[in-house]
Structures are given as C-alpha cells and as structure tokens.
Ligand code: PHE
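Quick heads-up: it's one chain on its own, the form predicted on its own, in structure tokens.
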Amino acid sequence: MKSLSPRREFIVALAAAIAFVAGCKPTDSGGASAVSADTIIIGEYASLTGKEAAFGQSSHKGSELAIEELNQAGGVLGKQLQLLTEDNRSQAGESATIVKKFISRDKVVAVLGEVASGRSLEAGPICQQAGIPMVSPSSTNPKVTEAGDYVFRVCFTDPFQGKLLAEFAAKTLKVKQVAILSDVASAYSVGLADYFRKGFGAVGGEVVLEQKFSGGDKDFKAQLTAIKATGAEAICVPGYYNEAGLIVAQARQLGITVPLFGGDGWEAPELIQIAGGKALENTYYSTHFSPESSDPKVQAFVKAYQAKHHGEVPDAMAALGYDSVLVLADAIKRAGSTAGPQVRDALAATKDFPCVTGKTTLDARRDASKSAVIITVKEGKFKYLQTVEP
C-alpha cells in the first residue's frame, strides 16, 4: 500500500479521532438553511468585501479548506459539516445583524469570526446571550473574550503582541526613542498602541510623539512630518494594511528612512502592492504563522492551500481560519453533542491541540497561549525573521 503524505496522515488521524462519516461539499449561503439531522451547521461572518477584504477572504479560505478536508474524511458525531458564510462588507453593524440571523433562522450550533476585533466585539455578546459558542480566528483585542464564557479565540492577544513589539524594538532594532501613529477609529489599533507604549516604557524606551489618524484616511504627510521633526529612531504603526501601506510609502517619500513596524494587521499581500517592495525594506510586523516553517503540518497545509488556490501562499489569517475549524470540530467530538453548554465546556478544556499555527491551549480567559513570528520584507517579498515565545 502506498504510504500517506504528511497532510493525509494528519487529516486521517484527526478524522479518526473525530469519528467522521462520509461527508459532502460545504455550502456558502446567504439565506436560510435546511436543518438536517445529518448536518452540523456552522455560521461564519467575515469581511469578504470592503476595506479589510484581504483579511476576511484569507480567513474564509482557510476555514473552507478545513471543512472540506474533514468532510472528505467523514463527519463529526456521524454528521456532515455545513459552513454558512456571510459578508459583513467590513462595515460596523453588519456582523451583529448576520449573527442574529445565524442563530434565530439558520439554527447554527456555533459561529466563526471575525478577524477584526471591532466586529467580533459586536457579535460576541449576541452569541453569549444566545448560548452559542463563538470562535474568533484572529481578533487580538483582549475585550473580545471578555464578552463571556461562550466566546473564544485561537490566536494570541494584543497584550502579548504589544509587549513583544516593544521588546523587538528595544532588543533587535536597538532603538530608544519611538513615535506612534495609530488609528483612533479602530479598537485593535488603539489597544495595540497602548500595550506597546506600556511595554516600551518597561524596557527603558521613550515614546517621543503620538500622532493619530482615522481608518480610511489617505494622506498622512502632516503626521509623518511632525514625527520626522522629533528625530524618532523608529515608528510604530499599530494599524491595518491599507493605511500601513500608505504610511510606509509616504514616509519614504518624505525621506524618513528609520524602521517602521506594526502588528498582525499589516499581514496581507496587498501591503506590498500598496507600499511597494522597496519602500517596505526595513519594516517589520508580528504575526501568527510563517509558511516558511519546516513543521510537517505547516507544509502539508501550505501544499493543500496552494493546490486549491492556484499556487497562492497562505498567510496567517488563512492559517488561523483553518485552525479555528479544527479546534471547534475537536471540541464538538469531545463534547459528544452539539448543544451549546457542552461545546462551550469542551472548548474551554482545549489543551495542546495540534494546529498549523502551533499547539493551542485555551486559558481561563478563553485566549490562546502560543508563539508569534516577526516578518520583514526583502526584495519585495515577505521573509521570516524570528520566532517569539509567550
């Protein structure tokens, strides 16, 4: 018999553990679903269009791949998985409307989403009130899981990310004076800026100036000119890729050559398209995953993702979307039920679960304790720099 590839070994082993039966191809639907005794329905809300579409599309692709692989190998508790995906268009208010429909009309057993913390903060309290578990792939603001004991995440949080960026600036970049340029309209940006500021002060650094912008802005030259005048040795930009790319490009146009860095909100292929590869030299960001990892699970995931998406290399949002499905499926299996309280308890007990973003343990706050990686840009391509342990 032909030996199995690492990917197939991983999926078959997981399928055996979850006890699947033959499944069907998952469906995405914007309307009501037919509730079947043979189907477990999971709702996913994501930014598939709008200004953060790169995040939502990547996360969805990862989730969809996990659903397909699991269904090809069988079904949780003898049932098939069905993924209902809806687009919140990167707009405030949409996520709450979608999740209410998922719960009241589609009768989902759990919800996946979102990448952006602000939109997870909209939906989390709704899931909590309804007793429906919600798993965020990559919302890092600590307030997300404070909504209650039905809300979980499979990523690290901003207190960890802010501290690691502060230590990276001090120890790797060896800078003592940093300016911050943050988005006042983003819960993610405001929170990460605060955690960076505190962490940088704790290691003897000084924030010499803080400047603000609002998501959707296009011109940052006034803020950057003010920062340049301070002589700051580096600039922290804790925002999303759309604005971060423009900020980097405009900083270089103004003759600012110091390092710029940020968090996982920078992670998108569009960052290079917006800023240009040359401008992104001497920039850095923290994130959850590197496709360059030699881990067999990572390489199996990368190979499967590229086969499905015409050679596209998965980013951290895709990897976390994939992991969110596997963690949820494992919890349903261990619960022996799709009932909300039982699935919630099983999720809370998740320990050392093997994911492509690293072994995942959910702590008492329902947050994932796991490592981070630092990415830089060389010759117009994202390159792994280093791993930071929690």
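One rule holds for the numbers: they count along the sequence shown, beginning at 1. It should be emphasised that the depicted structure is a prediction, and the values quoted were computed from it without experimental measurement.
Note that the form predicted together with this ligand isn't included here; everything after this is about it.
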{"item": "Sole residue of V99, M317, V76, L280 within 4.5 Å of this ligand in the predicted complex, by heavy atom", "value": "M317"}
{"item": "Listed residue (L81, A116, A244, A123) with a non-hydrogen atom within 4.5 angstroms of this ligand in the predicted complex", "value": "A116"}
{"item": "Heavy atom of N88 within 4.5 Å of this ligand in the predicted complex", "value": "no"}
{"item": "G265, heavy atom within 4.5 angstroms of this ligand in the predicted complex", "value": "yes"}
{"item": "Proximity of F196 to this ligand in the predicted complex, heavy atoms at 4.5 Å", "value": "no"}
{"item": "Partner proximity in the predicted complex: Y188 to this ligand, non-hydrogen atom cutoff 4.5 Å", "value": "yes"}
{"item": "Interface stretch in the predicted complex with this ligand - options 254-262, 197-205, 136-144, 229-237, non-hydrogen atom within 4.5 Å", "value": "136-144"}
{"item": "Residues of stretch 280-299 in contact with this ligand in the predicted complex (4.5 Å, non-hydrogen atom)", "value": "H288"}
